[in-house]
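First, one chain by itself: the form predicted alone, in structure tokens.
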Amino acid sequence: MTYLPNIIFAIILISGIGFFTKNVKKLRRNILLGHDVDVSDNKSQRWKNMAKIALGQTKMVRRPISGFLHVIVYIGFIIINIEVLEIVIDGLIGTHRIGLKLLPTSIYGFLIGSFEVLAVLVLVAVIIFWLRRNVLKIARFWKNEMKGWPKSDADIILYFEIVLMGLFLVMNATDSSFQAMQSGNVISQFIAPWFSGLSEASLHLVERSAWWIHIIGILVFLNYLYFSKHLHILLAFPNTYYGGLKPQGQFNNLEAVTNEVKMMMDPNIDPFAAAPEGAEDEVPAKFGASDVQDLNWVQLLSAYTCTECGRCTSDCPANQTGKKLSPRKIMMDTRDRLEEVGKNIDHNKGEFKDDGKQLLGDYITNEELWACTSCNACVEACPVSINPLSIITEMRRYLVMEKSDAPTELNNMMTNIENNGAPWPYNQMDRLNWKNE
């Protein structure tokens, strides 16, 4: 009977990690629905980017207030959860604060004391974040795409962090043996008097309840990540590693189009030569993207990595002038459509069946795409190296090359380039007439 708590703990732990693993496999499958792209170049620079941007938070602190608060939460939450290792060991083998048996009291006290200070700092930062969102109502948190679930999700994660940090401090404050050590209780010693009226049995019950709820809360938080924008806690690292290394504004060329142009310009190639055997049976590749499967897997990884912070949208000149384009919405729509496709595959036992919907049109409108000025402001602003412009470019490429659906001004320009070799509606012979005027 004495082993029952350990058995229950093991079942909860295995269930939590098992469900998380299942969701990670689903996440990986969804991301790999995108077509392959070679990102094996310049590994040293990629590691530097990951260390600097994801680990070092260098792009986050460009906005000092929110950046500093985020660094506190990031560092504090990660370091505090080192204690989860002690909780797991205690829960599995039935010990209590096994760290005291493995470490000198002074070192253990220093670690727990540091965790308590960080817990308070995290609480303060999280409360400020909540006030910024819900009282000050900073504009980028109240755009159209942030209504409903996105807004609730942002608040839920803040409540999660408040509860987990609070439970950690209560757990320490109600642990009589820990308080008696007079080491490491730098914060919890001021909380302990709140429970001074309780009997020893009641105090132990509060401590055990806080301990159990704390570890269960961490497992729930871990599994909540898949459904939340806070998946970036895990995905920011691979996303910054696989982020683009080319100069901003340098677009990729379609190999098929490049080869076609080269063939047209090569006088030695016979355009009427017979195609290689079997070539007539090949299905031509789609130009650009109309749905998530047409994007590459790095772009789909970025969709899941999006923090919904809105820095991209607040820096977007098109959005600032009242146009419908929001780079954040582009990423959110891509993720929502990818999730829809994933559920379709789950429902149809591993096979995607056409649902009559696609990313272009059902989620993202032509108006949004053509409002983009291709200035890369959104790319520069993103703290985790997401590139909304690459998705916009692929979808505009599809509209132009597959659907011949572009704004009138652009169609006129392309017609002029085709006929006159320049964007203006003048014959090539008349280009220099202005000199004689």
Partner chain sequence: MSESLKVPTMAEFMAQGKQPEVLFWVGCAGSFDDRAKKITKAFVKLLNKANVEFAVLGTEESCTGDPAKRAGNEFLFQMQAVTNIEVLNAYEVKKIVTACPHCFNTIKNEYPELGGKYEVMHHTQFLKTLLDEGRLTIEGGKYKGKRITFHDPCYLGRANSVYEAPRELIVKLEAELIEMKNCKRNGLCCGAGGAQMFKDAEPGNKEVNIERTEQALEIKPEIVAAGCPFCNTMMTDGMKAKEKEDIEVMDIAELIANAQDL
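Positions refer to the first chain, counted from 1. Keep in mind the model is a prediction, meaning the values are calculated, not measured. Whichever C-alpha set is largest while still superposing within 1.5 Å between the two forms counts as the rigid core.
We do not show the form predicted in complex with its partner chain, though everything after this point is about it.
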Checklist line | A10 within 4.5 Å of its partner chain in the predicted bound form, heavy atoms | finding: no
Note to self: Within 4.5 Å, heavy atoms only: does L245 come near its partner chain in the predicted bound form?
What the structure shows: no
Item checked: Non-hydrogen atom contact N427 with its partner chain in the predicted bound form at 4.5 angstroms -> yes
Notebook entry, point to check: Closest heavy atom of H70 to its partner chain in the predicted bound form, within 4.5 Å or not?
Noted result: no
Item checked: Triple contact flag R97, V126 and L219 to its partner chain in the predicted bound form, non-hydrogen atom at 4.5 angstroms -> no
Checklist line | Partner-proximal stretch of 336-344, 221-229, 130-138, 256-264 relative to its partner chain in the predicted bound form, 4.5 angstroms, heavy atom | finding: 256-264
Notebook entry, point to check: Among L33, V37, A51, M401, which has any heavy atom within 4.5 Å of its partner chain in the predicted bound form?
Noted result: M401
Next item on the list: Name the residue from G166, P317, P150, P238 that puts a heavy atom within 4.5 Å of its partner chain in the predicted bound form.
Entry: P317
Next item on the list: For the heavy atom contacts within 4.5 Å of its partner chain in the predicted bound form, list the residues of 56-79 involved, in sequence order.
Entry: R62
Checklist line | Core-aligned C-alpha movement of N427 between the shown form and the other one, 2 Å or more | finding: yes
